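Next up: a single chain in structure tokens, the form predicted on its own.
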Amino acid sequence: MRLKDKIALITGAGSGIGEATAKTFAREGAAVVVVDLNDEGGQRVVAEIRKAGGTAEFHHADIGKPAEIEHMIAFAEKQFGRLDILHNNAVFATVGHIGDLTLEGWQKTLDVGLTAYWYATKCAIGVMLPRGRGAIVNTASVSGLAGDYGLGAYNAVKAGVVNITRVTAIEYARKGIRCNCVCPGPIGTPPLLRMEDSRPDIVGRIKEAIPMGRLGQPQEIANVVLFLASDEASFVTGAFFVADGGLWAHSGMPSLTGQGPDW
């Protein structure tokens, strides 16, 4: 087992990438703290992990509130005595053109998607430092590497996640704490699947823009997170791993030959 006897905490673990990662970590031997604002989803994930023979506990937290971040880290330490792995994954995003975004929407996007990642990292480091080891994996995005129409706040947050990952990595590299991030492309998580039902035209265009021609699956991202969290990545820190079906590899330039991905 690649995470045998490890203690891991995952935010946004009640669905999507967080759920897939929590179940993957548990299968690989970790005891998992499932953190989510959605009690029903979080408790369901814990129940499914336990049914499969794994170890998991649920903790309700709104990571947009610093005190609740403190409580979730303290919960992991109280339940299991330490924390080996932190996966910052929960997110909130407001959409709209830069000139149309509200201050409230912008601020909440930053609070949940960037400030919370920093503060959870800060709190986790305090637990990890005395043992001289730990792994932090942040969910960034290809949207943190380039711009998207209508996702300015999300773009800013995910770009911040990429760089706070680098800073954490270099500052704590000699303290035994690694920090990396994964940059998914469009993934078939509940929000995008709901959009596929309501606006199949939009999701169809998204799929067409991806060289592989499909959405990614949460498990495909969980597999990357597993590697980064495991000792197999012992010499990997400050890195961002793109998993997007080739989306970021394409410049966006139309084909000069008239031949597309289905040639």
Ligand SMILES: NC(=O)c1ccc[n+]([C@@H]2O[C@H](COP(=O)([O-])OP(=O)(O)OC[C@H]3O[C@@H](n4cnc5c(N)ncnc54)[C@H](O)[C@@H]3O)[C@@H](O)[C@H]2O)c1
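Residue indices: 1-based, along the sequence shown. The model shown is predicted, which means the values in this text are computed figures rather than measured ones.
In what follows, reference is made to the form predicted in complex with the named molecule, a form of this protein that is not presented.
K.L.:
Is the gap between residue 184 and the named molecule in the predicted bound form 4.5 Å or less for some heavy atom pair?
P.N.:
Judged by the heavy-atom cut-off of 4.5 Å, residue 184 is in contact with the named molecule in the predicted bound form.
K.L.:
Give a yes or no for residue 125: in the predicted bound form, does one of its heavy atoms lie within 4.5 Å of a heavy atom belonging to the named molecule?
P.N.:
Outside the cut-off, so no.
K.L.:
Would you please decide whether residue 34 lies within 4.5 angstroms of the named molecule in the predicted bound form, comparing each non-hydrogen atom pair?
P.N.:
No - in the predicted bound form, heavy atoms of residue 34 and the named molecule never come within 4.5 Å of each other.
K.L.:
Would residue 63 sit within 4.5 Å of the named molecule in the predicted bound form, counting heavy atoms only?
P.N.:
Residue 63: contacts the named molecule in the predicted bound form.
K.L.:
Heavy atoms within 4.5 Å of the named molecule in the predicted bound form: which of the stretches 234 to 242, 23 to 31, 37 to 45, 196 to 204 has them?
P.N.:
The contacting stretch is 37 to 45.
K.L.:
Please tell me which of 189, 121, 109, 155 lies within 4.5 Å of the named molecule in the predicted bound form, judged by heavy atoms.
P.N.:
Only one option qualifies, and that one is 189.
K.L.:
Enumerate the residues of 127 to 142 that have a non-hydrogen atom within 4.5 Å of the named molecule in the predicted bound form, in sequence order, or give none.
P.N.:
If the 4.5 Å heavy-atom criterion is applied to the named molecule in the predicted bound form, 127 to 142 yields 139, 140, 141.
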